[in-house]
Every structure is written in C-alpha cells, then in structure tokens.
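Quick heads-up: it's one chain on its own, the form predicted alone, in structure tokens.
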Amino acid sequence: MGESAIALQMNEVSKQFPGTLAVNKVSFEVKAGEVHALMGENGAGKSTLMKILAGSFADYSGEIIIGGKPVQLHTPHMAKEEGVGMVYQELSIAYNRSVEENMFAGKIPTKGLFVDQAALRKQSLESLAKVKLEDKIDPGTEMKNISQHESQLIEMAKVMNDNPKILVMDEPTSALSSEEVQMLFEIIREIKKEGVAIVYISHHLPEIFEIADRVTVLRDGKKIDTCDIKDVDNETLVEMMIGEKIDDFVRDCPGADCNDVILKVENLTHYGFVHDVSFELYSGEILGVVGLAGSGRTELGRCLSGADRVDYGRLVLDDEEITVKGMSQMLDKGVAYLSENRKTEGLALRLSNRNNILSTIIGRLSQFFFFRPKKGDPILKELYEKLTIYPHDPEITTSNLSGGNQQKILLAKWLSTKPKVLILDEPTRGVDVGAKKLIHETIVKLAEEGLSVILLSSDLPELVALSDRVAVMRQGHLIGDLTKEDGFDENKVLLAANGERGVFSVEY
C-alpha cells in the first residue's frame, strides 16, 4: 500500500443515542502513512466516531472501507481482525499484574499446560522496543509500579502487537509532561514511516500543528471540514470547532488581598516526595504551582488536602493551627482538592450527576440519619447555572457526559462544599477550548469573591494567564516565587522549573 493510498474511508456514518444524534452522516478518510488529527469540542462526536471504527457500537449506519474493502465492524474483535487498533484515553490496565501479562493478555505463550516464561519475556522485550522502553522496564514489573507515561506507552505497545493498519489515539498526551510528549511524537513518527494510518484525537492545538499532516473538525456530530495542517492556524481551528471566534483568555487584574493570609504552611514534609515546603496563601489569591515531572507538585496538593499523609510541618488555616489527619477533616476545615484524574479519583461515573455533586455534603443534606438528595436542588441549580453544565439534567449518569462536562461536574462537587481554599490539579486537562475558557472564568470569579486557589498545572499559558504568583517546585522542594508585579511569562516559568534561579522574584 503506497503512502498516498487511502487506508480508511467512512462514508455517511451515523450513530444515534436516546435523544441525541451523536454522529450525523460523517464522511472521513485517512491515508496510509499520515497522522490525521480529529478535533472538536467535548461532545462533538469524535470519540463516538472512533468507537464505531473500533467496533464498540453494532448499530451504526453508513459504510466503512478499509484498504479498499467494505467491512462490517460490529464488535471489537471484528475491528481488530480488520486491522484497527485503538489506544483509549482511559487505559485498560490490570495494575496488580505484570507488564508482560498486560501486554499479552489473552495470548500468553504456553509450553504444554504452563506459561512459557522465556518466550513471554522475549516477546515482551520486542514489544517494549517498539515504544523505546526495552532498556527502561523489566517486563516482570507489576503495573502498579509503572509511571503514567510508561503505562501509556505500554498500552500502545499492546495495541501494536496486533500490527494494526489503522491506529487511533484518543488524547494520548493528557497525562504527559512536555518532555514525554516529545518522546511519544518520536514513536508516532516511526510508526508513520511503516505506513500505518494514525488518527490522533487531541484538544491541544500546539500538538496538532507539530504532529499532524491533516485535520478534520467535527461540531455537534457533523463534519465541518478537512484541511491540510499547513493551510490553517489556531484561530481558524478554534472558530471551526466552536462556530465563533474566541479570544485568548488573559486575567486583567489580580484578586488577591496581600494583607490577609488565609493559609500559612511551614516546613511541610512528606518523606520522599515533599521536603520542608513553606509559603503563605492570601485571601482571593490564585497561587500557581509549577514543576517538572517528579517535582512533587501533585504530592503537595494531596498533602495539603489530607489525601496523602504529612510527616512533618505546620499548617495555619484562617488563624487556626491544624494537624492534618485526613481528607474528610481538611474538607470540614474548608480545604477542597480537585484531583488530576477525574475518571479514577474524582468521580463515580456510574452514579448520577446529582449524586456526584452532592456526595461531599451528604451530612448537610441528611435528616434523622437519612440522606435527602432533594434538599440539594437549590445547590444543583446554582452550580449548573454557574458552570453551564449540559445537559441541564442532574439525573443523567455522569459517564454519559462529554469530558468537558464531566470536569464541570467534578468542579461543582467541590464547590458545593463552599471551601475557603480550593486546590485545582490540572483543572482543564482533556477539555475543549470552550469548556477551558469557562473554567478559567469561573476560577477568576471565585477568586474575586474571596476564595483562595492553589493551581497545580503543567499548562504554562493557563498558569501564566490565571496566577497572581507562581511558586516553583523542583525535586520536592519549593525553590522560588515569580510575582506578577515583577512580570513573568511562559519562558520565565519554564526556566524557573528547570532550576534557573536568576529569574526568581523571591528565592527560598
């Protein structure tokens, strides 16, 4: 199959859910040996279209042609047999099993009645070599000891074991640092050279311009256009995705009252992760915290919220000294933590939006030891309007929402507690530009109302736009501050995160 040959054609494909036409007569094609970006807001239909290709839905309509041959893809097995491989955003990993068992689940080599350990190890190392991990990971290591980045690559290696003709990647960089993204791109370019057709779903515009050859945009289940990447720019893509122009969000003025300290942290330590961290957080301040992978940024947020233990240190919240004992205690004191992984740590996806949002305030909504969820109706109404959650129905199961609306439900869950300090860990990861702007505006409005925010983010434009001050972490230590008064930009923040002390306003 030549490089310009069409590997995949989807003609007039549609998929109906109860009350929603998720994919509406979409025609889409991908060439062999190209990276084809698929973009759109959350709920635009891109993931549904790719799940049709992966055989997740038997009741689609339209025609699918792979390698010039019409095919029926009514089960994942049928899709795999036709050469479709899909790396999902939510990894399918058995964390208590080894790397090699995960990669070859269902097809582990045997010798008689026993596992052929030598063959399994050999095949695993060959598979890991495809994603440049053969010298970094022992195949016998349990998956619970593997980093998120390496887990993502292992999942890709698992899919590549089937030698797919078409590889679909759904938000593959959502949990990766900038260095890890570049490593992933190197692997993608090598796969591309082998003639594999790659469909790349992402919300990150810089990634699209770096890795894609062409881009197709969906909106409200319909195809808007397909363009060569060299023929479009950021503004054009955003306008195609949301139907109107959208300006970059920049916070005009800080909301912090620097005379009112709401939280004082002294020598906070969680052995092995966070060491002697001290800082002050002001009323109405948005304090950005930045650091490279392994800097202790997330661990700091988890310690402050009681999710991880504090081995040593002192916290004073609103003039009250607190010994951190657990997350429920800190929530009662007014510290809420929005975790970076909404799927596994933030939400119970099988519950309704109502139950997810109200889960943190069950005690307040109970009477005679019985939970009265209807008492939460005024709270739900206020939060739905503030965050423009769609659809406007709290009884919908959260798993049925788009990623952006799931993130809004997670934010609503913690806002329902009326916190004094809100810790946000990657609050806009995996959401579209429209939802991102709304979340940014909500964060600023909350700060203007007096809420103090600690923003843990690897998104430098987001961090620079929102923060009054940026604290920089490196190897578990807080090494300095950058203040808005002295001026900071993405370059300064990145230099500081890499240990360049000359850019700091204040050093620790």
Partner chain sequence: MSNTKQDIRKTSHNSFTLIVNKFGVFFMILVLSVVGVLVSPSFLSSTNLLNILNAVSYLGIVAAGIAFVIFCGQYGDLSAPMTMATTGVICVEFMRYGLWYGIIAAVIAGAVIGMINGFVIGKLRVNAIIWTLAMNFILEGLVRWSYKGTQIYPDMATEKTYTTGFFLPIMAKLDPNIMDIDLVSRAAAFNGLATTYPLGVPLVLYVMFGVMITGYIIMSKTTFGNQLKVVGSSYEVGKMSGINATRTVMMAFMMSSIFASIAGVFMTSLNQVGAFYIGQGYDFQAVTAIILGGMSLSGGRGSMIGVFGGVFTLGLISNILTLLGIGTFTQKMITGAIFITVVAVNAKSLRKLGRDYA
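If you're wondering where the values come from, they're calculated on a predicted model, not measured in any experiment. Under this definition, the rigid core comprises the largest set of C-alpha atoms superposing within 1.5 Å between the forms. Numbering follows the first chain given and starts at 1.
In what follows, reference is made to the form predicted in complex with its partner chain, a form of this protein that is not presented.
> Check whether G195 has any heavy atom within 4.5 Å of a heavy atom of its partner chain in the predicted bound form, and answer yes or no.
No, G195 stays farther than 4.5 Å from its partner chain in the predicted bound form.
> Would F209 count as a contact of its partner chain in the predicted bound form, using a 4.5 angstroms cut-off between non-hydrogen atoms?
Heavy-atom contact with its partner chain at 4.5 Å: absent for F209.
> Does its partner chain get within 4.5 angstroms of any non-hydrogen atom of G363 in the predicted bound form?
Flag for G363 set to yes.
> With the partner left out of view, is Y384 within 4.5 angstroms of its partner chain in the predicted bound form by any non-hydrogen atom?
Y384 lies outside the contact set for its partner chain.
> Using a 4.5 Å heavy atom cut-off, which stretch among 123-131, 223-231, 320-328, 179-187 contacts its partner chain in the predicted bound form?
This holds for exactly one stretch, 320-328.
> So which of P419, G346, G376, G83 gets a non-hydrogen atom within 4.5 Å of its partner chain in the predicted bound form?
Contact residue from the list: G346.
> What are the residues of 50-70, in order along the chain, with a heavy atom within 4.5 Å of its partner chain in the predicted bound form?
Contacts from 50-70: D59, S61.
> State yes or no: after fitting on the rigid core, is the Cα displacement of K386 between this form and the one not shown at least 2 Å?
Shift of 2 Å or more: no.
> Any CA movement of 2 Å or more for H74 between this form and the one not shown, core superposed?
It does, since the H74 C-alpha is displaced 2 Å or more between this form and the one not shown after the core fit.
> E449: after superposing the rigid core, is there a C-alpha shift of 2 Å or more between this form and the one not shown?
False for E449: its C-alpha shift is below 2 Å.
> Explain in one word, closer or farther, how the Cα atoms of E340 and G221 are placed in the predicted bound form relative to this form, where the distance changes by 3 Å or more.
Relative to the shown form, the pair is closer.
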